[in-house]
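Below, in structure tokens: the form predicted alone, a single chain.
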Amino acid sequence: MACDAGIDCVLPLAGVTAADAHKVAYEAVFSRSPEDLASLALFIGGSSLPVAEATLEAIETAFFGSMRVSVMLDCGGCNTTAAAVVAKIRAVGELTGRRAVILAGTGPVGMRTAALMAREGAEVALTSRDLRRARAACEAVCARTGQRVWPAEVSSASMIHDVLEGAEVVVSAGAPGVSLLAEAESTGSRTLHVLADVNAVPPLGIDGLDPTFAGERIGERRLFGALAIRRLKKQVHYACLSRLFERNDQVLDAEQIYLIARELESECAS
């Protein structure tokens, strides 16, 4: 992604954690003169969101005064994907007061999506097959953002029917190739108006939702498929990487990346 975005040089550092992140920060800021610090930036990836968050905090703590470089966190693509999903949904209507359900939301994408939707004023339920995992994810979201998200267990067809009762928005955020919502269940709901699926690998997370749908209207519903979401995600990713080098003091986490996604989606709509 960085190479495609035009970044000149990419240096991968494996196994970095909060315990040694300060070393990376020092190497970044002391390898260049202050006026050249904008020419280097740090990208935090990895597969563990808690580790990535702790690493970002440690890096920020190590910086001092103007001795800093810009940093972006996108663990497993969680921030850019979640930002693209919510920007797409937000473009077709307000989220304030609407009930939203994030299916299989205990992963990084689901947690970030839940937090951004709650920030937009939605009443968000985050589901898992294990209620304890759902509770832990909701507590983590609240601890980081102050946003309240409600846990729900979905381990059977009857449970998914219950959790969707009254919901207007549903996002499938599960692993690739795992079906979470049957077509009959989604079409049978009288309240669902917006459906989004981040999984493009068959079987789809939401059965019958074409991955190429980019807000197509079918009846009273707006549908967003994984490939359409990914197109915006890539645009957001490229834009964020470019902006890292505009100044040396930017920190791009979920909220900042979401604002960029809103800008890009608004430009596309106009």
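This one's a predicted model, so the numbers in the text were calculated from it and none came from an experiment. Just count from 1 along the sequence shown to find any residue number.
From this point on, the text means the form predicted together with another copy of the chain, which you will not see here.
Stretch-level contact check against another copy of the chain in the model of the complex with heavy atoms at 4.5 Å: of 207-215, 26-34, 52-60, 240-248, the positive one is 26-34. S66 falls outside the set of residues with a heavy atom inside 4.5 Å of another copy of the chain in the model of the complex. Not displayed here, another copy of the chain is kept clear of G219 by more than 4.5 Å at the level of heavy atoms in the model of the complex.
None of the heavy atoms of E267 is located within 4.5 Å of another copy of the chain in the model of the complex. Mapping the unseen interface onto this chain, V10 counts among the residues with a heavy atom inside 4.5 Å of another copy of the chain in the model of the complex. A single residue from the set G188, G121, P176, G93 has any heavy atom within 4.5 angstroms of another copy of the chain in the model of the complex; that residue is P176.
Contacts to another copy of the chain in the model of the complex (heavy atom within 4.5 Å) from stretch 186-207: V201, P202.
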